[in-house]
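There is one chain below, alone, in structure tokens, taken in the form predicted alone.
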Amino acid sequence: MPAPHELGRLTSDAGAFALAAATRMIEDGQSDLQMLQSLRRTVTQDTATAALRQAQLRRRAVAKFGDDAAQMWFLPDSLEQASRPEVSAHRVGRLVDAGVRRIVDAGAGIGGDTIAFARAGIDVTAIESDPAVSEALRLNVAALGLGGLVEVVPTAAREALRGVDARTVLFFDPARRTDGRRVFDPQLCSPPLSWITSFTNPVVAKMSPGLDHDAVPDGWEAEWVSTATESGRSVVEACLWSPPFAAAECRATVVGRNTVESIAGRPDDDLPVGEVSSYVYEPDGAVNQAHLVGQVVRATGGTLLQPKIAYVTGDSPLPSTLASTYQVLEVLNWSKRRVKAAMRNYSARDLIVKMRGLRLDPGAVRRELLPALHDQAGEPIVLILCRRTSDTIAILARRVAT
């Protein structure tokens, strides 16, 4: 992590000039060596290195922060953990609907959630103990013109929250990295979940998307959230909501560019299994993580393709972002020879292979079967492989737009 003074160096006139120059050179496609040599002619080696690193982080941050990235300040680990604005906006919407007007962001990082709270008109006390991260937070609040709504407190949360008013809403985003490695056990995060849940205040806590259901405190709601990322749609977090915010045991939320769709309820019990019908539905990862596949089953009047595996089949399309819908073209007993023969009847620009519970390499299957298509034009063919009792079936399908 950069030294605490590095960001301060870049706010000087010389640092600002170097940062602007590094940004232009990155856009021109120059190599790191070329950029450092050019920058070194006008600033010190340390300032040149800091400027190049910050310009590269800003470029990476565009995927998460959009236009704001050009004026924000970043640190590598903090950028990775920072909430995506569309996910923060959803969280803020729930808080505003609940009447929240003041919040303590206890571990604010570089300010992803602090910014969203403030832009919604919520007064924020933003606590961040790491000096370098706290400096980035302070600079980001100022750069985005939010100083009137945000107080940055550069101290440890345990100290800052001592004696906090029990009515104050607390938001936690515990650090989930140790020595550069991800931490998945919520008790090994900083602060640990047991300390977060010790407060009697209304609490919201952003946790790892892999949060185990057994870790959710009694009476709290666990919400798994997915959104589009650079590598495709992914579950990006699990958010814990204490009473009085908790409205269900589990919730799955799919955040789109301009849409948010949620389902909530109790985790699934045993679900019916049936034969392949006209459509196959693949629940979003958030629905899977929340154990709410049963709601897709009930919404479609369908059944699972196999026990405990989240492929659902039914008779009509599902107009929802909570599951992808595929129209079944053909069902075969799985063998490469049979599927190759069937694929000669179809034209598609690509083959997408999906499977669960099978020890096959989807990439290898795709590479071997793709040349069998009649020609490579038209909407992609989807191959869904699914074990049924002792056999494995192959479903050829096309995705239905929702």
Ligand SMILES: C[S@@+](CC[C@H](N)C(=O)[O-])C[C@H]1O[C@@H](n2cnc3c(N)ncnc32)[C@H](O)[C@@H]1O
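In this text, residue numbers run from 1 along the sequence as written. Computed from a predicted model, the values in this text were never measured in an experiment.
As for the form predicted in complex with the named molecule, it is not shown, yet the points below apply to it.
Checklist entry - For residue 71, is any heavy atom within 4.5 Å of the named molecule in the model of the complex, or not? => result No, no contact at 4.5 Å.
Checklist entry - Is there a non-hydrogen atom of residue 186 within 4.5 angstroms of a non-hydrogen atom of the named molecule in the model of the complex? => result Taking the distances in the model of the complex, the answer for residue 186 is no, it never comes within 4.5 Å of the named molecule.
Next on the checklist: I'd like to check something about residue 190: if you look in the model of the complex, is any of its heavy atoms closer than or equal to 4.5 Å to a heavy atom of the named molecule?
Outcome noted: It does: once the named molecule is placed as it appears in the model of the complex, residue 190 has a heavy atom within 4.5 Å of it.
Next on the checklist: Test of understanding: in the model of the complex, would residue 223 fall inside 4.5 Å of the named molecule by heavy atoms?
Outcome noted: Close contact is absent here: in the model of the complex, residue 223 is far from the named molecule, nothing within 4.5 Å, heavy atoms only.
Item to check | Option from 224-232, 287-295, 272-280, 153-161 whose residues, in the model of the complex, bring a heavy atom within 4.5 Å of the named molecule | outcome: That would be 153-161.
Next on the checklist: To verify the annotation, which of these, 82, 211, 170, 92, has a non-hydrogen atom within 4.5 Å of the named molecule in the model of the complex?
Outcome noted: Of the listed residues, the single hit is 82.
Next on the checklist: Which residue, 175, 318, 248, 122, is the contact with the named molecule in the model of the complex, using a 4.5 Å heavy atom cutoff?
Outcome noted: The residue from 175, 318, 248, 122 that makes the contact is 175.
Checklist entry - Quick one: which residues from 33-47 get a non-hydrogen atom within 4.5 Å of the named molecule in the model of the complex? => result Nothing in the stretch sits within 4.5 Å of the partner.
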